[in-house]
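Given next, in structure tokens, is a single chain: the form predicted on its own.
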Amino acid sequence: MQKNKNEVWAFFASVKLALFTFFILAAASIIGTLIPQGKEMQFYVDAFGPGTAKLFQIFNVPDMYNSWWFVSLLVLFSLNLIVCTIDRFPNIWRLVTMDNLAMDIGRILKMPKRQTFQSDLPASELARAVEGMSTSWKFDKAEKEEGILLAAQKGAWTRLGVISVHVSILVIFIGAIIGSIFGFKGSVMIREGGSAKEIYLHDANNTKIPLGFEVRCDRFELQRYNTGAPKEFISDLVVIENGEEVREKTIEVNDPLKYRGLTFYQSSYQPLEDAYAIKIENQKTEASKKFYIGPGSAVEWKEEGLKFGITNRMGPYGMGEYRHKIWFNDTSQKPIEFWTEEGKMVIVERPEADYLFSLRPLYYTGLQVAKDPGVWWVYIGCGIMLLGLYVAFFLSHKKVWIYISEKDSHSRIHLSGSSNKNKIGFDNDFSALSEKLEQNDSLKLIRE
């Protein structure tokens, strides 16, 4: 049975099926974007009610992009693209490789786009002159019973643009499948000054995944607007492998750290209760050190002979910030106490040296970690798609014929042409070729 008579084949080759699955996938993707993914079921019960949450559970909406019905739609759409491509490729390839010199002369003479000239030169001499003209068209020649036919074309390969778009979508799907099977998404909270050797997947069991190396957070900085709302937060990360620091990067939102196929995104933060980071710098020697401390405790900088601690706290004030009372002691004088605000620099004057002192709250930095080995397939697919769309919409297959016939010592030149799209652009090319023929003195043409 022929493919065009096979109902199953016709179903999968249908453009209607392609449009149907495409719009369903697009609608589902919008829903998946609006409804938070990967949350606990109680979240959906609280947000949407028990009945809707039960429906979400049946259709696996919390993990929509891995649900059976979404994957089935992708498979159906892929089959549709494959069958459509196979079904239409032979005809497209025939148009790409067809012999334009085999075109019926009667059809050439009746084309809507045509121009006729007369000349006193013999047909063979006219054909040689046209072939020798300097034009952007490269002509092939064939002897016909009643004359000579010249044919040229441009952009025959552009008819493959739609095929490349189909292929690009399949390549993107392959990348998505590879990422879904061999990739993962997880997260980890790292305290400033601390490190992590594993992350936790976004699944029901919060599965622990070892990294194979260590990630340390040396600094976390939170900047706020005047209203107190968070403005920006950044983290200084260091990758440690086999006891050596192999990579450093300051990350922020949309500027992640990438290492060994993993991408670490800055995604959130969380303050530590009653924990602070203190930085002290000796202005004389420029020696500096960072300490992590809580209220009611003291730390020592042995190299400088310093001891200090937090003895009191007042607040919170307008933006949730506190003032802290600091006890400070060195070997030169009696201990002193002073107040400081979070994030502000204070100069502590001592006989031996002056010290820059700053205090700020300590945070956990929230990192989202993703592994997607299929991402390069997706990038390649997107590149092929852009190229295919450009070819399909902006380039065209253009063909011209010049048929030269001779009768009663006079010759006639019939110039005809066609284009599968961009008719206005082809009209300009056709007019330019027609004018070049007419203005060539060696042809001695007269327009009819």
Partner chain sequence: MNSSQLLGFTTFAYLTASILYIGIFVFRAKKLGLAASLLLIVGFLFNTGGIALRWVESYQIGAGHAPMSNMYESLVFFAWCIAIFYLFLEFKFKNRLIGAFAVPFAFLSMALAGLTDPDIKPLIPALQSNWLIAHVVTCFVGYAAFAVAAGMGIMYLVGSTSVEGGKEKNPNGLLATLPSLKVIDDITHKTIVFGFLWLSAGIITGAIWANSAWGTYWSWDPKETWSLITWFVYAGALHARFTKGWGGKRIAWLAIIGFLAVVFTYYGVNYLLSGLHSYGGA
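Residue numbers count along the first chain shown, from 1. Between two forms, the rigid core is defined as the largest C-alpha subset superposing within 1.5 Å. None of the values given here were measured: they were computed from a predicted structure.
The protein also exists as the form predicted together with its partner chain; that form is not presented, and the subsequent description refers to it.
A.B. asks: Is residue 117 one of the residues lying within 4.5 Å of its partner chain in the predicted complex, judged by heavy atom distances?
C.D. replies: No, residue 117 stays farther than 4.5 Å from its partner chain in the predicted complex.
A.B. asks: Answer yes if any heavy atom of residue 232 is within 4.5 Å of a heavy atom of its partner chain in the predicted complex; otherwise answer no.
C.D. replies: Yes.
A.B. asks: Does the 4.5 Å heavy atom contact test between residue 70 and its partner chain in the predicted complex come out positive?
C.D. replies: Within the cut-off, so yes.
A.B. asks: Give a yes/no on whether residue 30 approaches its partner chain to within 4.5 Å in the predicted complex, heavy atoms considered.
C.D. replies: Residue 30: yes, in contact with its partner chain in the predicted complex.
A.B. asks: Just one of 207 to 215, 373 to 381, 329 to 337, 136 to 144 has heavy atoms within 4.5 Å of its partner chain in the predicted complex; which?
C.D. replies: Of the stretches listed, the one contacting the partner is 373 to 381.
A.B. asks: Considering 47, 55, 385, 41, which brings a non-hydrogen atom within 4.5 Å of its partner chain in the predicted complex?
C.D. replies: For this set of options, the contacting one is 385.
A.B. asks: Here the chain is shown alone; which of 256, 161, 309, 361 has a heavy atom within 4.5 Å of its partner chain in the predicted complex?
C.D. replies: Here the answer is residue option 256.
A.B. asks: Quick one: which residues from 380 to 408 get a non-hydrogen atom within 4.5 Å of its partner chain in the predicted complex?
C.D. replies: Contacting residues: 382, 385, 386, 389, 390, 393, 394.
A.B. asks: Core superposed first: is there a CA shift of 2 Å or greater at residue 12 between this form and the one not shown?
C.D. replies: It does not reach a 2 Å shift.
A.B. asks: Rigid core superposed, CA of residue 37 - does it shift 2 Å or more between this form and the one not shown?
C.D. replies: Comparing the forms between this form and the one not shown, which are aligned on their rigid core, residue 37 does shift its C-alpha by 2 Å or more.
A.B. asks: Aligning on the rigid core, do we see the C-alpha of residue 417 shift 2 angstroms or more between this form and the one not shown?
C.D. replies: The answer is no, as the C-alpha of residue 417 shifts between this form and the one not shown by less than 2 Å after core alignment.
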